[in-house]
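For reference, the chain that follows is the form predicted alone, supplied as structure tokens.
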């Protein structure tokens, strides 16, 4: 990337623009919002409050073209094996393609995808129609999803965001941590006769998931007088390991498949979304897929990158990471139902693009993914926004907001929206010493007080932000929002020349944990470094 003409042009352009503030840029363009926003259906993306001009965007798009973005988009949607380290296609988009034929290894994968969607729909209908009951013929009231990583974060996010769409007053719970407190706390509130457990593990060997699954199985058998036959009515699996699923006691008919061409963090659209489909009903789950498909079609078919939402969102991120040297990105959703969105995007971007070698394994000479962090914006205003406004660093932000909410009321919604808009304005404009001093004098402060206190009330401003506006937090627009960030992540990976679809960095700690678990049950340990040896032995003494 560093040696492309576009990158060199961008480096020169950065030197010419870096000292211009956002207020300078707005002063130069009276139609800046009109010129620097995009929309898709009723989703609006305002990127006018960024340190960019049309020239910046043109040069960033040139960089994307030089890195072969257009060709890579075609390759991904076609099913080429762009995950080169694992020799796999990348086809989360096929999960919501509505049956469009996609051939991988001479097989139309859309046929299998549709079969699993039909299986999810049929199971969901049975549950809601009262045709799938517990072993004592009572209806299911609680769903428990047992997974980790992508098998947990996606279902948690979507279930929280779409809670008002819940069907039949079902309760949903999530077990992910191997911390025993979580599993035992959730089990203490459940009735085994009315609870359905979903075990989500592709291999059915994931340590954390299977530890929790067996703990739950033991609890269930204890509560049901060792009723092994009842497992078939209360446990289902999302997996590919038929043998292990069957040995667990789960009926093979209640095993929902997914595929190697879908990474965990991209899998909410697959059978990993089963708890969501059960919770909100298959019709609403289909709308989630439809929203994502609308973004897919926009991304794939908008060949003018200047009009392509995921491309522009990604390029702005590239601009800040590789030229301004900003190392973090804040995700700040103002709707409480999106509180889990920052954690979801954290995994999506940092696991995908947290790489230090290119696709050929060569070390990179530039930064890749920033640290993604954030929380509900309205709460964050009373927490870490202090640092964002007056700290010594600059932290680009995505502010996300649903413009209407039929599950709220107008007074609350007006206050929510006004705060989101005000924060974006405050981050951009700031407040000068002269303004702060004038305000203090007007409020009755003495000259001496105003002189000193105004120094503490200065906001430097020039803090960039994107504003993403959804008409509402509905299944359709949530699907569109998630797919937007998926494609943003892919675009940035292409420009950085990395493989966004493997995650080898997850493996080392897991490998070492297995060794240490064995050591914990052994004699005095001295085979690790001095710190680790002493920590293990300290734990053994406290055990």
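Numbering follows the first chain given and starts at 1. Bear in mind that the values here come from a model prediction, so they are computed numbers and not experimental data.
Beyond the structure shown, there is the form predicted in complex with another copy of the chain, which is absent from this document and is the topic of what follows.
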> Going by a heavy atom distance of 4.5 Å, is residue 185 a contact of another copy of the chain in the predicted complex?
Replying inline: yes
>> If we define contact as a non-hydrogen atom of the residue within 4.5 angstroms of the partner, is residue 233 a contact of another copy of the chain in the predicted complex?
In response: no
> Is residue 464 a contact residue for another copy of the chain in the predicted complex, using a 4.5 Å heavy atom cut-off?
Replying inline: no
> Would residue 381 count as a contact of another copy of the chain in the predicted complex, using a 4.5 angstroms cut-off between non-hydrogen atoms?
Replying inline: yes
> For the spot marked by 68, 133 and 297, is every residue within 4.5 Å of another copy of the chain in the predicted complex through some heavy atom?
Replying inline: no
>> Looking at 304-312, 118-126, 101-109, 421-429, which stretch has residues with any non-hydrogen atom within 4.5 Å of another copy of the chain in the predicted complex?
In response: 421-429
> From the list 254, 240, 72, 347, which entry has a heavy atom within 4.5 Å of another copy of the chain in the predicted complex?
Replying inline: 347
> Tell me, which of 244, 97, 450, 417 has a heavy atom within 4.5 angstroms of another copy of the chain in the predicted complex?
Replying inline: 417
> What are the residues of 40-57, in order along the chain, with a heavy atom within 4.5 Å of another copy of the chain in the predicted complex?
Replying inline: 44, 46, 48, 49
